[in-house]
Ligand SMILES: Nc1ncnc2c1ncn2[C@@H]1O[C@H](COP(=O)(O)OP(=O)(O)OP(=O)(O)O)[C@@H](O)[C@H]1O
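The chain below stands alone and is given in structure tokens; this is the form predicted on its own.
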Amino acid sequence: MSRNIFDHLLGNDSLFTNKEVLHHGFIPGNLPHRENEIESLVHNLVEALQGQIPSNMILYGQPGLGKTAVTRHVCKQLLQRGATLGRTIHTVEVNCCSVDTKYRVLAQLANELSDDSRKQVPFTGWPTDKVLERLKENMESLGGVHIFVLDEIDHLVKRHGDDILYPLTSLNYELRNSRCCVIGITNDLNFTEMLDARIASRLGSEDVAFSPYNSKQIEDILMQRARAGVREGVLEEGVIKLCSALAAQEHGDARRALDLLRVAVQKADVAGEEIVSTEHVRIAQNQLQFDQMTPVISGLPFHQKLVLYSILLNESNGLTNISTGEVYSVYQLTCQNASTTPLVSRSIGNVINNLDSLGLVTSKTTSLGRYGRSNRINTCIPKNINAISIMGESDEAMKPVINATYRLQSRL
């Protein structure tokens, strides 16, 4: 019988005892350094246990600050306490990055509140008003208080506007046997600027801002996870401190620290070493920063490379919060140097949205009142990654674009 290619790994002693606890999605029973934020949610959502309507909330903060973890932790405790008190409470979480249209958000909310296949909303095909009516029917049928958590809510509003938020924040005016609370989670500190004033006032009744973790706080979080997920005595002194310090430099992102620790232990594990050293952390840092970003940049379609180069060129000219028009002006020059026909201006917005979804740029829509809306575009590529060099090495057609001279106009 031939030897299976996995056999030589199955018998090895791993440095991990429970690798799952070092992943982002794991929710521990204790969330250190988020006591104040937890208390804010608890003081609001306790109304559901008393049969009242909790206020709508917006949770703000950079990625990796525990917004989703805190919300899930509090909602889990709320459901447990509600069950002991005989209170009817339902929580539904929707990630607006993956469920990113008004129809699909309403459909998921409605379907999560019904086990009856006859009351399920199809993936597509219904008028949005009918989907909203089915959601209200399912809520009324169950009764009680419904907590709707819209994670990455800014992603939905940037792409499709705030139309969905008005009916959701108006449900309590139409329901008789049930009540509703909406919790929006956003990475954009200027999120309410995207919203109509009426919606902003209804949705932001209770705001909770999550401050970045400092290095010592991240160290506490890593120590807790390491005790649960890594064999005792295998982490060299200084490993957790280094992971914490590197993550604290990047906006206090605890997820980044978990990634660094997990990949560092994995590198030592694969190498068959018994001790995880700070050198493994450095290797993990290089892998996380370089290996993920480089293939994404090098694999971009040609016109997406031209748009990204145009944004980088504007930034090298001292501009920040660049408008789509400023990007397009430089993009036309790059097309001339590449001897290619530029895309029409309205297509550039879609290209920028795609770069945003890949994590190469941030594109935030701001309201200009009666003058409409404007995009504020900035790159978010780490400084130690030379995106222009990567594009030039991966695509010969980019070389005349990069080598050309540009006369750019600064903003007045």
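Each residue number is its position in the shown sequence, starting from 1. Bear in mind that the values here come from a model prediction, so they are computed numbers and not experimental data.
From this point on, the text means the form predicted together with the named molecule, which you will not see here.
Participant: Pick from 167-175, 237-245, 68-76, 141-149: which stretch has a heavy atom within 4.5 Å of the named molecule in the predicted bound form?
Facilitator: Looking at the partner contacts, the answer comes out as 68-76.
Participant: If you check 255, 267, 87, 90 against the named molecule in the predicted bound form, which one has a heavy atom within 4.5 Å?
Facilitator: Contact residue from the list: 255.
Participant: Taking 4.5 Å between heavy atoms as the contact cutoff, choose which of 201, 323, 298, 224 touches the named molecule in the predicted bound form.
Facilitator: Partner contact (heavy atom, 4.5 Å) among the options: 224.
Participant: With the partner left out here, if you bring back the named molecule in the predicted bound form, are 342, 398 and 400 all within 4.5 Å of it by some heavy atom?
Facilitator: Checked in the predicted bound form: no contact with the named molecule for any of the three.
Participant: Is residue 381 close to the named molecule in the predicted bound form, meaning a heavy atom pair under 4.5 Å apart or at it?
Facilitator: Looking in the predicted bound form, residue contacts with the named molecule do not include residue 381, since no heavy atom lies within 4.5 Å.
Participant: Looking in the predicted bound form, any heavy atom of residue 349 within 4.5 Å of the named molecule?
Facilitator: No, residue 349 is distant from the partner.
Participant: With the partner left out of view, is residue 187 within 4.5 angstroms of the named molecule in the predicted bound form by any non-hydrogen atom?
Facilitator: Residue 187: contacts the named molecule in the predicted bound form.
Participant: With a cut-off of 4.5 Å between heavy atoms, is residue 213 one of the residues that contacts the named molecule in the predicted bound form?
Facilitator: Although the named molecule is absent here, residue 213 would touch it in the predicted bound form, with heavy atoms inside 4.5 Å.
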